[in-house]
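Read the single chain below, which is given as structure tokens and is the form predicted alone.
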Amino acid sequence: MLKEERQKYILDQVHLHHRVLLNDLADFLDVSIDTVRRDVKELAKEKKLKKVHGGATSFGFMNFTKDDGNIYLQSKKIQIAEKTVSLLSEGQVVLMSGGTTNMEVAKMIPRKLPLTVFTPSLHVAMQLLELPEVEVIFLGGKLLHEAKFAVGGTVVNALNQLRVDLCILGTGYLDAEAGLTEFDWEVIQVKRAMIRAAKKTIILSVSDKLHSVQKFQTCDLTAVHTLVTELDPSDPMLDAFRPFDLHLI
């Protein structure tokens, strides 16, 4: 594979997942980790991504701005957000994780819809403060620098005391057999606690993330009530998810 092709793949993965590991890139590209590291350094020098320890992140992962027009796959995420907002109703108590799709949801919540929203995402909490009828409760803990997402025992303990109506989870990697997976163990502990705290869990995923797997499992699909994508529910890309007791939207 030519260097230009490798670097395009690296950028696509960074934009899609927001953060990637050098080991994963090297395995998929079938090249040495030193080759991938050089590619990432070049792309970082061109300010196309940010190099972090053991991997790379997109700039969008670290900095959300109001009405940001540079979100990767934004049109798909807006479609997902529109579908998700239709599932909200007056007076609900909701848990929301972080990520660019959840940010689109937060932007689309009607200003006059009264909700209580708990979130460990500083970005999502700040966006929700724009809504006068939403009571925002930030679940504080150790903040991850890039994601601005709170992790650790303080967050998990707080979640263990909750019983909310809905949990709205952004997706890192989603597969019918492997379920919802991530590579950050601390984030997984928070997301597991979010799922346990909710009567129903909704997973949001652009179709580009379907059939992808990472090292650690957050949950299998039996823990999920609804899967929201930008696809029509009858789309063949969703066929692998139909055997599960999932509401596809």
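Note that this is a predicted model, so its numbers are computed, not measured. Counting begins at 1, following the sequence as shown. So that the term is clear: the rigid core is the largest set of C-alpha atoms that superpose within 1.5 Å between two forms.
One more form of this protein, predicted in complex with a further copy of the same chain, exists but is not displayed; see below.
**Q** Counting only heavy atoms and a 4.5 Å cutoff, which of 106-114, 169-177, 136-144, 84-92 contacts a further copy of the same chain in the model of the complex?
**A** Only one stretch passes the 4.5 Å heavy-atom test: 136-144.
**Q** Is Gln13 a contact residue for a further copy of the same chain in the model of the complex, using a 4.5 Å heavy atom cut-off?
**A** Contact with a further copy of the same chain, yes.
**Q** Answer with yes or no whether Asp165 is in contact with a further copy of the same chain in the model of the complex, where contact means some heavy atom within 4.5 Å.
**A** No.
**Q** Taking a further copy of the same chain as it sits in the model of the complex, is Lys76 in contact with it (heavy atom to heavy atom, 4.5 Å or less)?
**A** Looking in the model of the complex, residue contacts with a further copy of the same chain do not include Lys76, since no heavy atom lies within 4.5 Å.
**Q** Is His247 close enough to touch a further copy of the same chain in the model of the complex, meaning at least one heavy atom pair within 4.5 Å?
**A** No, His247 sits far enough from a further copy of the same chain in the model of the complex that none of its heavy atoms falls within 4.5 Å.
**Q** So, a 4.5 angstroms cut-off on heavy atom distances: do all three of Glu4, Met126 and Lys148 pass it with respect to a further copy of the same chain in the model of the complex?
**A** Yes, each of Glu4, Met126 and Lys148 comes within 4.5 Å of a further copy of the same chain in the model of the complex.
**Q** Answer yes if the Cα of Leu231 shifts by 2 angstroms or more between this form and the one not shown on a rigid-core superposition, and no otherwise.
**A** Not so; Leu231 is displaced by less than 2 Å.
**Q** Align both forms on the core first, then report whether Lys48 has a C-alpha shift of 2 Å or more between this form and the one not shown.
**A** After core superposition, the C-alpha of Lys48 moves 2 Å or more between this form and the one not shown.
**Q** Checking Glu182 here: with the core superposed, does its CA move 2 Å or more between this form and the one not shown?
**A** No, the C-alpha moves less than 2 Å.
**Q** At a change of 3 Å or more, would you call the C-alpha separation of His18 and Gln127 in the model of the complex closer or farther than in the form supplied?
**A** Relative to the displayed form, His18 and Gln127 draw closer in the model of the complex - a change of at least 3 Å between their C-alphas.
**Q** Do Val14 and Leu128 move together or apart in the model of the complex, judged by C-alpha distance changing 3 Å or more?
**A** Nearer in the model of the complex, by 3 Å or more.
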